[in-house]
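Encoded as structure tokens, the following chain is the form predicted on its own, with no partner shown.
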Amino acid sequence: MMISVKDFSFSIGGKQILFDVAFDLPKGAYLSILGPNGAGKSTLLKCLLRLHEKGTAKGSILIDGKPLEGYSQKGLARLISYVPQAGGWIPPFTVQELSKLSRFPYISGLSGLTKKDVEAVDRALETTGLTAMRDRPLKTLSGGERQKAFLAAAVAQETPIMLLDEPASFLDPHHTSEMEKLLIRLNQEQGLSMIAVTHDLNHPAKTKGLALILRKGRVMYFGDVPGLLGKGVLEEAFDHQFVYLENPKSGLPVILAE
């Protein structure tokens, strides 16, 4: 398993956020994490990235068979890349500079970028369609373009695992569709193991992957899309009623809130 979470609980400041979370992510799988606001989705993602070191954790997280705490920072960065939510602070870099920074796990001492590093950055910009924007400052880009720039940096990091925190939030339908297609291509063509926190209930069906639902910090569903659509799973998770349709073009299920 690329990621194995066993009975993992997490609290910070005396407040418990995650309770006995457990799931296994096979190599090359795509996992969508769903759930109401405040369910612990982003917290779980940050725990996988070891960004919540001040909290108290119980249970275990294994990355490629090794305990998470057994990795150095650079070692972990060679395995896991991260795409943050859109919005917020904009780094004072160009698109290309941002991707170059993501090569830090492979740079030793005071050495600069190698030919291999430069080639990785070039491939990432080409993959995400940003080659022509490589010299544009991030602050001059639209929200969709900027989010693709963060994705390009994660691609340039060349990790087998990619974590994404609401990658399509604040994006219009066109850029949302572009982002989804890019992620699916990275997963299916390049074999990246991916975990994405999302509020889009239709995202798991599009990725043809797995889904995990958190509610009040506990896993209430983990499995495939057909299981997600049955037995009132979503209704219980979100305390809301949904309508289930079929997309006439793709044949994929479509979930609408009543």
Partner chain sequence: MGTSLKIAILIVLGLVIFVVSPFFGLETISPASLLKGLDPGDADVFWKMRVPRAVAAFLAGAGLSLSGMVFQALFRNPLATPFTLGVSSGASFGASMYFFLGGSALASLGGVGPLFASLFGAGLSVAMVWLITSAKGGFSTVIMLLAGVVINFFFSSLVLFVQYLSDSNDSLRIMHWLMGSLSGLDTPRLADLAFVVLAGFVAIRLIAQEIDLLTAGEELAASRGVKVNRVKLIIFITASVVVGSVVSLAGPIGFVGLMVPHACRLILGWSHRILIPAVFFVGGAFLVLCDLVSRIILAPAEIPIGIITSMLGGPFFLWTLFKSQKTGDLF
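Since this is a predicted model, take the numbers as computed values, not measurements. Numbering follows the first chain given and starts at 1.
One more form of this protein exists, namely the form predicted together with its partner chain; it is left out here, but the text below deals with it.
Have a look at Met220, Leu229, Leu49, Leu62 for me and say which one sits with a heavy atom within 4.5 Å of its partner chain in the model of the complex.
Of Met220, Leu229, Leu49, Leu62, the residue with a heavy atom within 4.5 Å of its partner chain in the model of the complex is Leu49.
Hey, in the model of the complex, is Val95 touching its partner chain, heavy atoms inside 4.5 Å?
Judged by the heavy-atom cut-off of 4.5 Å, Val95 is well away from its partner chain in the model of the complex.
Can Ala77 be called a contact residue for its partner chain in the model of the complex at 4.5 Å between heavy atoms?
Heavy-atom contact with its partner chain at 4.5 Å: present for Ala77.
Find out whether any non-hydrogen atom of Gln157 is located within 4.5 angstroms of its partner chain in the model of the complex, and reply yes or no.
Heavy-atom contact with its partner chain at 4.5 Å: present for Gln157.
At 4.5 Å between heavy atoms, is Ala153 in contact with its partner chain in the model of the complex?
Taking the distances in the model of the complex, the answer for Ala153 is yes, it comes within 4.5 Å of its partner chain.
Given that the partner is absent here, state which listed stretch (180 to 188, 166 to 174, 124 to 132, 81 to 89) has heavy atoms within 4.5 Å of its partner chain in the model of the complex.
Comparing against its partner chain in the model of the complex, the contact stretch is 81 to 89.
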